[in-house]
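Considered here are two forms of the same protein chain, supplied as structure tokens in two stand-alone entries, structure 1 and structure 2.
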Structure 1
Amino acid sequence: MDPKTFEELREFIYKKSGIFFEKSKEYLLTNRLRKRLKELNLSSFEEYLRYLKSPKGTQELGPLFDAITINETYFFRHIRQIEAFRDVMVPELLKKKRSINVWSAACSTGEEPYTLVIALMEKYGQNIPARILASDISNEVLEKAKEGIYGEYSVKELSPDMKRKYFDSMGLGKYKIKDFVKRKVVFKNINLLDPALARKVGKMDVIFCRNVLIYFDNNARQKVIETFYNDILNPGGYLVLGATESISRLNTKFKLCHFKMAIAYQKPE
């Protein structure tokens, strides 16, 4: 793909989904879309872009998003966000209360909520000043999360020390999360599009909602964000999206904050 086409394509993707597609993942996009080009009988990415922008293009958004979603999760994914959470957001929130509520809103197999617990334990010891709620729409992933057994891929960002501290090695590259971590997380099945979302979740100080909004259309995304803002987040609370995800094209009163190589949205006090 020539650089100009890539630049235009990623701008298009951003406008439609709020996802910024990084140059370093260009090969992924190229690989996955090449198949699509063949199916559509198109001979170049320029043509594909033109097709996307044409009136018929709306039907192509589904396959395009499938091609760009990286459906994976692992411990300490996007560590800069976790650091911002641990070193800035949490201490700031704890100035006003003794314990905070944190929600991992699309927790998949549990790596994200357990990461939050581990990060806090590194700073505060086992008695962390936070309650962690984790939810997902899929029972299958929730079962795995509760079981807490992970393969090498999931723990690839962890040092041997961290692995020893928070996991029991089961051999054959399997790691089981230790009980004292597991006990800190409550898992629930919650659909983000459920009209009773706020009632099921309660009030929160930090929401991690990473890499899931891409599955929704603009309307649904707008609604979820509004519910977060109006009914779930406490004033001063934070919303953390995927590392290259934004809601700046939606209509929102959230304030964009910069941390060290990471951004998050804050509900003003």
Structure 2
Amino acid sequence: MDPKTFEELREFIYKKSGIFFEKSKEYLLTNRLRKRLKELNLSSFEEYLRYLKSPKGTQELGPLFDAITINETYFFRHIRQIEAFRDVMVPELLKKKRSINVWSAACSTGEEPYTLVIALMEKYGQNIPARILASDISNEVLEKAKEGIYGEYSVKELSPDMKRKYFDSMGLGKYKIKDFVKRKVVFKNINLLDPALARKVGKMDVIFCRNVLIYFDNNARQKVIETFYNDILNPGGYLVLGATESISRLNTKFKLCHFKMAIAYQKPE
């Protein structure tokens, strides 16, 4: 890919998704898009860029997002955050309402939202006091999330008892999430930079947005955080980022909250 094409492709992707590829990640972008060129029978990245900008290009956005997004996840990832959610945030929020709204933003193949359901079921039984929305920009991973079939890597943190309780074993190291868990999650395709984001999501009490903002530049991060704060989170609600992420350098009114080996950001009441 020549430098000019890389710059134009990077800018196109950034405007559409907020994901920014540094110059050092050119090889990654090249490798991820090469399959799309082959599938579309295109001979160069220049041709692919022209295709993206053509009237037909709108139908390519989904496959483009599928190709460039990174989906490394597993059940009960960063367990201290999940414990803080289940044992501190949720009981505190339930002092003021009978049920809460939780959003797993950038849910990938579904491990995170299903983890939240399982964590709550361990505490409250199957009739959990929460509604769970899960979203991603990639239709491909959303279909996998709805299917709910996982390999050994995804369930590596779960005990045999937890696997039996919440999954059906399919053999050959495959596990299918049980329907009583699956029914608790609503999946939607949502772009975090979509101007109509708030209308699609509604009001939330907890937002999990883990390991997503690291792919955005500061302007895109600021925009997303402001939308969370101003339009989506209820007063007293929590934002949970990845274990190594921080928004301390952004202009934000969030209050930093410390839990047992975990942090979150709270919107003051």
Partner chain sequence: MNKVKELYDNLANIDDLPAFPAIAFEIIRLTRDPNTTSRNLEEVIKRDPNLVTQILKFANSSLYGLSREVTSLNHAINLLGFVQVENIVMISVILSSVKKLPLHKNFNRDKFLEHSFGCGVTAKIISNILNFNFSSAEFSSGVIHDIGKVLLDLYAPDCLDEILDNAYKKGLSFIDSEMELYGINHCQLGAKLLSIWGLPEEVIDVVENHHSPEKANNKLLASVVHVADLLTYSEGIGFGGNYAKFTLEEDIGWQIIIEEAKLKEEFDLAYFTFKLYEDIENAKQLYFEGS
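Heads up, when I say rigid core I mean the largest set of C-alphas that superpose within 1.5 Å between the two forms. For numbering, take structure 1's sequence and count from 1. As the structure is a computational prediction, the values presented were derived from the model and not from experiment.
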*Which number, 1 or 2, marks the form predicted on its own?*
2
*asked:* My question is whether F259 is one of the residues whose C-alpha shifts by 2 Å or more between structures 1 and 2, given a fit on the rigid core.
replied: no
*Is P235 among the residues whose Cα moves by 2 Å or more between structures 1 and 2 after superposition of the rigid core?*
no
_For a quick test of reading the superposition: does I247 move by 2 Å or more at the CA between structures 1 and 2, rigid core aligned?_
no
*Could you check how much the CA of K23 shifts between structures 1 and 2 after a rigid core fit, in angstrom?*
24.5
